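Only one chain comes next, encoded as structure tokens, the form predicted alone.
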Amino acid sequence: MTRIAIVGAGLSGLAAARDLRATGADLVLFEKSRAVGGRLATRRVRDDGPAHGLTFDHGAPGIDDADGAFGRLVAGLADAGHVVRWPGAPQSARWTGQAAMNAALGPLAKGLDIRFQHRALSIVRNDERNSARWRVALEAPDGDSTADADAIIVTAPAPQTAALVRSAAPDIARLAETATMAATWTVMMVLDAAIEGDAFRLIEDHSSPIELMILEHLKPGRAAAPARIVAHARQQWTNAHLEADKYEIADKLGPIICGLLDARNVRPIHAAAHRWRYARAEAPVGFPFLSSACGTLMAAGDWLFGPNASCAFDSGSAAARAMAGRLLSDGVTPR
């Protein structure tokens, strides 16, 4: 069976795997983190403090309302109870995972061979005779290793994709370097007082370092107490503090976030920060996917097609269809 490796188990990677699974190819996904989702992420507090066990959707706040294949997928996930509509949220975040954002992707990952905590370091041509075309160098918990594949789809953010394929596919690397991706600091807080109102709050005062606040406890399907907030810093402020320590960021932004709430004397009982170095695509390349000259090394992701979840899905799906067509034309993918 044809061995296809997919780098990344975010929405693009899972969309590609979903379409390729039907070809009969032997799939493996390498994911650097502990769970699927990419930026459709959920953080669970694991320390023994007052926030133990609580979750925060600290990546993308929601899933967009879209037509086409992605719209049909979301409708199916909603029918099965995996996602719910979020009243009051904008079209770009109209849906959220039931109980947690990354729960929306669980059905897409079911049955897949996903190697978590496997960070791809490089991709090179495999020059050994009678073997797979590509070799991926990996960093894993049990030590560095390599994996061979007949074909690869890379769904990492643009700068990481460029670094991975620079030797194997310099044309893809050059185009990936033209994509602009914005960074974002997010702060997750548990508060000592009840907070009501709108769950999705854009901050109109552009002098504030905070651009968006999500009242997590008011999102559909979430526990109503204690009050929890995910706040996203503005890009300009993030860039000015990009290399700061995460504890420093939580200390700086915590009082500002509390000051933006419709409550007096509210204080955080837990605060943590997370830096998304590649939070969203600001200037996509403009193609649904990129392919090497031989057609068996491809790149997909939101940085190619657009900033929303539907863009990431459509990119991964388009790459998978093109990959399947190429392999079928080579006569190497069984049915």
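In this text, all values refer to a predicted model and were calculated from it rather than measured experimentally. Numbers follow the displayed sequence, beginning with 1.
What comes next is about the form predicted in complex with a small molecule, which does not appear here.
Q: Check N308 for me: does it contact the small molecule in the model of the complex (non-hydrogen atoms, 4.5 angstroms)?
A: Yes, N308 is a contact residue.
Q: Heavy atoms within 4.5 Å of the small molecule in the model of the complex: does N102 have any?
A: Although the small molecule is absent here, N102 would stay clear of it in the model of the complex, with no heavy atoms inside 4.5 Å.
Q: Taking 4.5 angstroms as the cut-off for heavy atoms, does M188 touch the small molecule in the model of the complex?
A: Because no heavy atom of M188 falls inside 4.5 Å of the small molecule in the model of the complex, the answer is no.
Q: Is R39 a contact residue for the small molecule in the model of the complex, using a 4.5 Å heavy atom cut-off?
A: Close contact exists here: in the model of the complex, R39 approaches the small molecule to within 4.5 Å, heavy atoms only.
Q: Would you kindly say which of L215, A93, I257, L77 lies with a heavy atom within 4.5 Å of the small molecule in the model of the complex?
A: Selected residue: A93.
Q: Could you tell me which one of R228, H118, K219, R135 places a heavy atom within 4.5 Å of the small molecule in the model of the complex?
A: Only one listed residue qualifies here, and that residue is H118.
Q: Which one of these stretches, 59-67, 43-51, 263-271, 287-295, sits within 4.5 Å of the small molecule in the model of the complex when only heavy atoms are counted?
A: Stretch 59-67 is the one.
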